[in-house]
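Read the single chain below, which is given as structure tokens and is the form predicted on its own.
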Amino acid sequence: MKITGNTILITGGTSGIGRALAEALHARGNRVIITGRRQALLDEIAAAHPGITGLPLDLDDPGSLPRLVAEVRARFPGLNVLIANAGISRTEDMAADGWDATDAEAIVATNILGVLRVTAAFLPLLKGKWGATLMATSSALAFVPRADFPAYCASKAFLHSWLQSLRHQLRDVPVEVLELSPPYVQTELTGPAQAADPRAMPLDAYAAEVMDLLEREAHPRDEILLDRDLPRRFAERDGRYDAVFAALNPG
């Protein structure tokens, strides 16, 4: 992925990793479009960063994605990069009395179906463009799960597998397919406490590392993964899966 001169659409771009990447890519001279559900927040970010455009997207509204696609086609025909970043995470206690699949269904709808629908909607716009790139946000937990986030980790494992298939099917189409697999980062993905957790990687430091990896094209297998997460990525291959799983899930 070229890191300057692009027209980039980032879903889930109003907070966390999405917003950090939007601001970093904007600073590198890209035209950046972010999406989110809250128009006031989109307007606030756009006002603070002239050149970033905020457009509403609510995947619970069947008409929202078609409206977004139509507006992007009309206003930003040069779109050549899609970053499918929107995602949610919730803990689930499947051993509890009364547990049901409500949270899991919400996670699947956003983390899996949301990425598939956005990709299907915008892939035709990317094909044939200079520097065309499709990036989706997975997680280092795709490789070894935290058992208290079962549906979240499984959704990211789905994306890891699906992106490999997409990359293979597009092997003769000039669209680069990247997987962004963050570690535990100081965002509010699981709530305000995560944003202040000293065990989590500072958000600005993570965004800076991602930009460095992109600039140096240092992403073997088209996976944008920090060195600290490689032991988890290859835990099963290296015969360390049980040990890594136990470390993530004590008791």
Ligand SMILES: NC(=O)c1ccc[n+]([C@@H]2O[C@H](COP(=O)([O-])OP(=O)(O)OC[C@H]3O[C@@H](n4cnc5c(N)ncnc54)[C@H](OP(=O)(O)O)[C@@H]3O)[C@@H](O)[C@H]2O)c1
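All values derive from a computational prediction rather than experimental measurement. The numbering used is simple: start at 1 and walk along the sequence shown.
Although it is not shown, the form predicted together with the ligand is what the next lines describe.
Among the residues Glu44, Asp212, Asp197, Glu188, the one placing a heavy atom within 4.5 Å of the ligand in the predicted bound form is Glu188. Using a 4.5 angstroms threshold between heavy atoms, Thr137 counts as touching the ligand in the predicted bound form.
In the predicted bound form, the ligand stays beyond 4.5 Å of every heavy atom belonging to Ala132. In the predicted bound form, at least one heavy atom of Ile17 sits within 4.5 Å of a heavy atom of the ligand. Interface membership of Tyr152, defined by any non-hydrogen atom within 4.5 Å of the ligand in the predicted bound form, is confirmed. Of the candidate stretches 214-222, 46-54, 66-74, 29-37, only 29-37 has residues with heavy atoms within 4.5 Å of the ligand in the predicted bound form. Of the residues in 77-102, those that come within 4.5 Å of the ligand in the predicted bound form through at least one heavy atom are, in sequence order, Asn85, Ala86, Gly87, Ile88.
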